[in-house]
Every structure is written in structure tokens, then in C-alpha cells.
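First, one chain by itself in C-alpha cells, the form predicted alone.
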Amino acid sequence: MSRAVGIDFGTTNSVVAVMEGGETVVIPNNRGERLTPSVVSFGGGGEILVGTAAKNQAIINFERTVVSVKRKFGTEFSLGVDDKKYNPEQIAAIVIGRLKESAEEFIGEEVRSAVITVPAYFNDGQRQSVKKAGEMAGLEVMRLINEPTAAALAYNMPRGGEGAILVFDLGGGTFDVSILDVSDTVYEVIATAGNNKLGGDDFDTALVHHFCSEFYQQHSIDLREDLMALQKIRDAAEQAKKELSESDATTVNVPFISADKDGPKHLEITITRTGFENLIRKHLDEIDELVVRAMEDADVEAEDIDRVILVGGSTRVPAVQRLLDDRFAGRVMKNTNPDECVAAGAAIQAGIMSGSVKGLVLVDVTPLTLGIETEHDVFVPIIERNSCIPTSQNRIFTTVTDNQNEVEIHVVQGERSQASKNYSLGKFTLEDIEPARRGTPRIEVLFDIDVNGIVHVSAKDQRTGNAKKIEVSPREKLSEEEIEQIVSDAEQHRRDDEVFLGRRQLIKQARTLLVLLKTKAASGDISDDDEVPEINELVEYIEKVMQGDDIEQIRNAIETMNVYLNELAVA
């Protein structure tokens, strides 16, 4: 059996590791580097550069160079090179393929299988994109596991023990915080929170905007309109960020960054660590809020956390470490390599699945609630957020009109009670339902989340056996606004959702009574003919009330119908 490796495909850098003699070993690339920049560049002669070689010539070949492709998963991004177009999966496959080659050279045999890590907050489409990229690189993707979970495996494996671990994963393009309960050899994720559009790249961007604004103040030249100059500034910003982790101030020098009628212009700006921290304050605040949210979801306090594990190069920023030290004094572990532990954990998981690592059990969770849209925009959860995966859950639904012969299954992900306020994963239609009165057919909707966190949904008419299913499309993604809506708006609009559900419940109750009234009026068994126009007038009034938003009016209408129906029954 060929060896299986663990791969951390990162926004900024990627790492590959393998189990050797019961220990994880990070595999260097052909330049001897343990980190391979996730950069791909296409040369004019048809050659493809990967890693440091691609990064080094990004400035002069920026139009044919792709960086941070991980942030483009699930988008319509494509890069046209000569007569060919590359989508994000194809770009990622080039990087993963290079890691595979490095592993084969190091191990001395073919590598066919891998465990690849993904951010905990990647949605189903983005996870499928990662899996597809691995397969395009010639690998069997044994499993996708969440990056924080992999880090916890890497950190705790040699030590054993038990307790609550908080994994703080701040990479170049994504941020995840996960809380795990470790009991001897069982690792159970009990809560996760994050934002897959927040990371060290955003710190760099804050510096870039600052440098461009300062330069504009000095020379009235907007460097943001010059793509080559902008790439030079981004490289300088990344270096400045690193230097400010070691020093209280640094000076950025980029000669010949631009020119005007008076000659060449040079960028020379000094920035202090305090100034940098002020620029990224909003990002730091969001990070802290997500840490708090994860603890609330796990129902733990800061003092309940036994260890905090740092993952990702951006955790080296002093302001980030200070934020954690203030909340978890003395429990922030700074003796692990934040750049390599995710790949090491993936290698351990690969070892578990291939049989070379014994006795460990990994239990992961889904970060967002999954369900379907029902009548009148109501979201019905089927698998709650933070449910252990793999998992399957089903619910029985029915029709809402007589002789309805098809139903649309709209798969939704999110935390709001209104389906339209959540993220749509996909739709399909179950047809050829046997005609029957409304409420009679039994439609079983089954949600199945596999070990990779990918969702499969099926619907079946229990009477006829007719069934249909869907696997979430890899072309869909959560935008930054939608992520903020999912992770933040649910709490902010909790009261709105309660009102929405309350109104929908009243509407449902009112509709049932309305049908009874109409049936009574049409039945011909009312002794007093004068009551029929009165009923019709009441029906007209009720229908008008149900169109409005006044809950008290709807309640009064329901009470009126109940009284009227009771009187008719007595009569």
C-alpha cells in the first residue's frame, strides 16, 4: 500500500507532512523550504512556476500570477493564459501537485492518497473545490478535516491527557477558532466559529492603504491605480508586518515606485507597532468577538479552557498574542510551530485512516445549521449547527394543496428563521407525487453529511417510493456579506425571528380556521340563510387581516373565527 500524506493547502503557504516511525515529519520542497508559497505563475514560454519562484517574479509578471487562490474557491474567477483558462481548482491542483512531487522524492515511492485540511468555516461548495483540486493533482482525497482539528491532533498526540483545547487559527486568508474536548484518545469538536474572509492578508491590506494614502498626501499620485506599484507595496507591507513583530517601528523603502514630470518618486514611510495596531483594530475586535462566540456556543468560560493552541503565521502579531494573553493568561502555548502543525495533524489523520496510527478517534462538527425552506419562507432546521459529523438526519413533510403532484426542496444553510435570510445551497424538485388531499402524502427529506463535511440531500415519497437527491454544487460560495449575516445577524435579529415565526404560526392557524369557515358556508347545511353572507363577509375580513403584519389583529381574527365556528356547531 502506498504512503498517505497530510496536506495543509493554505492561503499564503502550503505544507505537506508524513508519518515516519510514529512521528510527523514536515517534507521540504525542492528548494529545501518547509513552507511552499501558494503562488502559481505562468511564464511566456509555457513554463509554470510554483512557490517561491513564482512569488519572486510576481511583480514583473503580475497579470499571469495567482496568489491567495484559496480565497477564490467557489467564485467565478478564471485566469486566461494564452489559449487556456484556469479556474481556482486547477490553480490549486498545480500547487498540490508540486507538494505531491516533493513527498514522492522524499519518501522514495509514489504517493496516491492524502488527507487535506480546510478552514472550519468553509462551506460545502468550497470543500468540494478543495477535494476536486486534490483529485486533479492525482491524489485520492481520503478525507477533508478542519484545520483547527488537525492542529489539536498534532499538538496533543504525544501528550495525551484530557481537557478543553481552544485552537486559534489565524492564517493568511481565513480565521477559525474551535473548542475541542479531549478525553484520552478521543477528540471531539464541540464548537467552532470563524470568518473565511479574515486573515493576515487583511492586515497587509490595511498597511497598503495606509502607505498609498501617505504617498498620495506627499506626491498627489494614487499608487492604487498602478497594479505593478501596488504589488511592490503589498510585498513591502507584508515585510513591514513581520518586522513589527520584532521591533517597535520600521521604515519602508521602495525606490522608484512612480514618477511624474519632476522625476522618479520613492516610497519612504516609517510606521510604529502602535500605528499598525490602530490600523488593524477593527480586525482585532472581530477576532475577539469570534473567540467569545465560540466559547458561548461551547457553553464554557475562559477559565474552563486548559490550553490555547496557536495556528497560522499571523498569530505572531504581538497584538493578537496580547489579545489572547489577556483572556487566557498563562495557557497560550507558544512552543509549537504555527505554520506546520496543521499539516502535521493531517498526516496523523492520514496515519489513522491507513492504519499506521492506532487508538485515536476524531469527532468533527458542522459549523452551520442545515435545513429546508417550507411554506411562506420558513426555515426548518434538519441538522443543527455543531452536530458531530458524519451524520444523517431526516424529517417528514407533506403537501400544502390538494392533489399537489410535486414539491420543491430548497436546501438552506444558516441561523435565521427566514429561509431568504440564509444561504441557499441548491434546489431540486420531487415529481410524480400521488394525488391526494393536502397533508396526506408523506415526503421524507434526508440530510447526510459525509466525513468531508459535504452535504447530500434526498427526498422520497413514502407511498410511491419515488425519490430524488442532490449533492451541493462546488460553484457556490458564501460572500463576505453573507458570512457576516450568518454568524452575526442571527443573534442581532433574534427578536425579529421570534416575531416572524410567531406570525407564521398564527397565519397557519388562521388559514386552517378559514378553510373550515369556507367549507361551512359552501356546505348548505346552515339553517339560517342570512348567516351565509355574514360568513362570507367575515372570510373577506380575515383574508385582509392575514395580509398585514399586525399580530394582535391576527390573534383577534383567530378568536373571532373560533367563536363563530363554535356558535355554528351549537346551532
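All values derive from a computational prediction rather than experimental measurement. Counting begins at 1, following the sequence as shown.
Keep in mind that the form predicted together with a small molecule is missing from the display, and what follows is about it.
Contact check at 4.5 Å (heavy atoms) against the small molecule in the model of the complex: none of Gly6, Lys100 and Gln349 pass.
Contact with the small molecule in the model of the complex, defined as any heavy atom within 4.5 Å, is confined among 293-301, 218-226, 100-108, 313-321 to 313-321. Note on the partner interface in the model of the complex: the residue among Glu286, Asp181, Glu384, Glu238 having a heavy atom within 4.5 angstroms of the small molecule is Glu238. A heavy atom within 4.5 Å of the small molecule in the model of the complex is found for one listed residue only; from Gly200, Gly414, Pro148, Gly134, this is Gly200. Using a 4.5 angstroms threshold between heavy atoms, Gly171 counts as touching the small molecule in the model of the complex. Under a 4.5 angstroms non-hydrogen atom cutoff, the small molecule in the model of the complex has Lys242 among its neighbouring residues. Residue contact check for Thr24: none of its heavy atoms lie within 4.5 Å of the small molecule in the model of the complex.
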